[in-house]
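Below you will find one chain, with nothing else, as structure tokens; this is the form predicted on its own, and questions on how it binds or moves follow later.
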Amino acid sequence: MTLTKTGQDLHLMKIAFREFYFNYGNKVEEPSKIQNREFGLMSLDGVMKRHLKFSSLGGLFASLILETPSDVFASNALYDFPVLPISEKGWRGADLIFDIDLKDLDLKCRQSHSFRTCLSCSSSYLSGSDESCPKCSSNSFAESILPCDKCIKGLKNEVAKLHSFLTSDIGISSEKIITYFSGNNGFHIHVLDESFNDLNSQARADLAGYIMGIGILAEVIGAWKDTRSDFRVRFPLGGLDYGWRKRISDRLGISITSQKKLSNMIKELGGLEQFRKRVAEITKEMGVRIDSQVTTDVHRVFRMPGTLNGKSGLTKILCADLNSFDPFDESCQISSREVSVKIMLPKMKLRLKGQRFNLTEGVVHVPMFVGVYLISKGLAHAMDSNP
């Protein structure tokens, strides 16, 4: 569910976003074959306009200043007629893009910095502390996350795993893989190899399933059902030196000469079915936790690099060096001038643009980038005194 922002909230965000595009609009990345892309603009009050076309980045820039959207999207697909309905656009292929989002990672730290805002009385509270609103008992709420450094580390680990799959298993050159911080709670990985653009949704689903480790069977490394006994071990003719065969065998500590060792391992686990469960556990752990629906959708619109994310006020930005990249610093590009906001939580901590903030409930004076960040997440409201 989505929070309704106050008039003051929208006013402050419009000032901040318009100022950003005046200062940084030239850093918005132009997609290839821009005239064949569908564009979408989300207004600050949540109304989406799709099926738009821009023949140049200059035309888009003019709309960013004039309309000041909260979010700017371009299609992964190329079309003959981008402004027409989906069935009439004339699909000409789509970029292969992956999404790794915090919601798909089972991180222990998440519970300590996930918050709910009641849609009935607007009070905010820590997720998990109460099933319903502690003030009005409503079960209707919006949830937001203030990612911590552990969250970013977990996301980076998944990005690194995905890069490994794409290069070693799929054979994509590392120069053709571009990583962006999404501007909120995740990363987008764009594949610039056009040989994948013609893949249909089913082919992309198969690729996503492989990367996630879905449906990888014990037979892959040579454990087979036998009609005369519970199982038999017969290693594949191609060996165990690549793909999931190598990952699983390395984890189990076996090689092509370990037939007896694998047989004993299966027996010790209690038979073939238990071994299959063990293989499933390994593939789930070693697979990449991507959002498969994002990958399989060949008509999706994606946030444009260099634009603001309306859920945070941070920028979708290129991540040139995954290890050193700090999203709380590099993607925080909104003005630092002081604004007044009302904090809705008893207390919270966050780090943005090289500064740490310990905030308590009530009216506080903070840099605009902090105010916009918290307003975007429903954890603060702008005050009348702001410009």
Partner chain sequence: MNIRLGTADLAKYPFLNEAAEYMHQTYFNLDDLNLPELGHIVERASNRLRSEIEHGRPDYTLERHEVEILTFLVGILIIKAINSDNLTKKHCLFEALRAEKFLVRDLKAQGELSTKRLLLFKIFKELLKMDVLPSLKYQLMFEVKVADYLKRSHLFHEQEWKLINRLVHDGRVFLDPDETVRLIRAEVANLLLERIRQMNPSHIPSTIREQAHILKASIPVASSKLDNSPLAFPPCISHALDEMTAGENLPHSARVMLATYMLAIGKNIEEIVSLFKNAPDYDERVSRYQVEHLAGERGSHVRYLVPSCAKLRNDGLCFATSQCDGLINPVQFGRAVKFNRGETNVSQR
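All values reported here derive from a predicted model rather than from experimental measurement. Positions refer to the first chain, counted from 1.
Another form exists, predicted in complex with the partner chain; not displayed. Remarks below refer to it.
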Original post:
Only one of Asp226, Asp80, Asp241, Glu285 has a non-hydrogen atom within 4.5 angstroms of the partner chain in the model of the complex; which is it?
Top reply: Asp241
Subject >> The single option of Asp230, Glu143, Asp206, Asp291 touching the partner chain in the model of the complex, heavy atom within 4.5 Å >> reply: Asp206
Subject >> Contact stretch among 170-178, 258-266, 300-308, 68-76 - heavy atom within 4.5 Å of the partner chain in the model of the complex >> reply: 170-178
Original post:
So in the model of the complex, does any heavy atom of Gly154 sit within 4.5 Å of the partner chain?
Top reply: no
**OP:** Could you confirm whether Leu162 comes within 4.5 Å of the partner chain in the model of the complex, counting heavy atoms only?
**Re:** no
Original post:
Would Trp91 count as a contact of the partner chain in the model of the complex, using a 4.5 angstroms cut-off between non-hydrogen atoms?
Top reply: no
**OP:** Please run the contact check for Cys133 against the partner chain in the model of the complex: heavy atoms, 4.5 angstroms, yes or no?
**Re:** no
Original post:
For the stretch 208-234, which residues lie within 4.5 Å of the partner chain in the model of the complex by non-hydrogen atom distance?
Top reply: Gly209, Tyr210, Gly213, Ile214, Gly215, Ile216, Leu217, Val220
